[in-house]
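A single chain, nothing else alongside it, follows as structure tokens in the form predicted on its own.
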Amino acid sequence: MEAYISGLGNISAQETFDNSVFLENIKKLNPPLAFCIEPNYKEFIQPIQLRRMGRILRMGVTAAAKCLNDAGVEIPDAIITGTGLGLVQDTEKFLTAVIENEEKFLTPTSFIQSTHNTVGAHIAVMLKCNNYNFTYVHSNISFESALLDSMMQIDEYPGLKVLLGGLDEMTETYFKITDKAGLWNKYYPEGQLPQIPEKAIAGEGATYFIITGVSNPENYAKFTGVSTFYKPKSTEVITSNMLKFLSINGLTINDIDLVLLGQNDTAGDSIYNAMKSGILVGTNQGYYKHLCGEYYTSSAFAAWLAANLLKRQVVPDTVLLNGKQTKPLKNILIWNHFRNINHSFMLLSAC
């Protein structure tokens, strides 16, 4: 089961919107919030529509439009989205209006735009696309769930062109609420990049892919496999799941040229560190959340990163954790987890 990536669109905390350049000017994420670098939306959305759209809806629609343009696709055969929280800003607006207006005279716009499937639906309306449209809301494996659905669709109908996306936003209100649980880093010592902070940096992003079962020399890379598992009891269980996942895809750990880890804070990184000195000790290791921040669908950013690495065959020093790139990139494994609850593997390969 393979899915080729023919188009990319990425809005993140880095300068990633222009597909002709790749991490040339790395932006250091300064806590407490790593907001996205937003493009000129007027190039993609009519002003009359723009006024009614929240931030993540603007980012999602624009990233999708960029992706479609990059792949030369007018109308996709399916729109499949992953999001952990949906449109947080619009949800906050609606709930605030309920309280302030004592449940009277409420405008419907914020409520309509507060549902998780709003971005996928809005893209379909703008494109006049009546094809398969589904949104997955599965915490930090939301993008992986959307990817699995996309690959299953393509496995059955290889000619499909699927618009696959992962997106989440960060707001100051949501940050304050989750900060009470001690999740976020508020101070980043000067010059610490690319070291791992003590706590995670809150981030956001909107990343889209056009994937298809048709091979083309212009493709960026291909998704070869995806897998998730829940609450492993030990690193031995993680190792077993990793080896099984690679075996299903006809690979061993020696075939992995780079593993991208979801490292972001000292509390959760003990699991990564145990594996880095174990089964991954002989593998080139990299990471990505110091570039995009922590959010539920940050693994979509990791997939964008891996696709570019495979296409360009150059790994920036800021991505590597253990030395320099020593060989051509054929297979990249992405491993992410959230508090050792939901783990995911994604495998991308060169075309």
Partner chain sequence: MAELIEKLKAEIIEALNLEDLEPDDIDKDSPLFGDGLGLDSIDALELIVLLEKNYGIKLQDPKEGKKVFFSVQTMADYINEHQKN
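Remember, it's a predicted structure, so these values are computed and weren't measured experimentally. Residue numbers count along the first chain shown, from 1.
Only in words, not in the display: the form predicted in complex with its partner chain, which the text now covers.
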- Item | in the predicted bound form, the one of I112, I75, V237, I253 near its partner chain [non-hydrogen atom within 4.5 angstroms] | I112
- Consider the chain as shown here, without its partner, and state which of I248, L106, A274, L183 has a heavy atom within 4.5 Å of its partner chain in the predicted bound form. L106
- Counting only heavy atoms and a 4.5 Å cutoff, which of 75-83, 162-170, 98-106, 239-247 contacts its partner chain in the predicted bound form? 98-106
- Find out whether any non-hydrogen atom of K311 is located within 4.5 angstroms of its partner chain in the predicted bound form, and reply yes or no. no
- Verify the contact flag for R58: yes if a non-hydrogen atom of it lies within 4.5 Å of a non-hydrogen atom of its partner chain in the predicted bound form, no if not. yes
- Task: Flag K42 as yes or no: does it have a non-hydrogen atom within 4.5 angstroms of any non-hydrogen atom of its partner chain in the predicted bound form?
- Result: yes
- Task: Check whether R51 has any heavy atom within 4.5 Å of a heavy atom of its partner chain in the predicted bound form, and answer yes or no.
- Result: yes
- Residues within 4.5 Å of its partner chain in the predicted bound form, restricted to 289-320 and counted by heavy atom: none
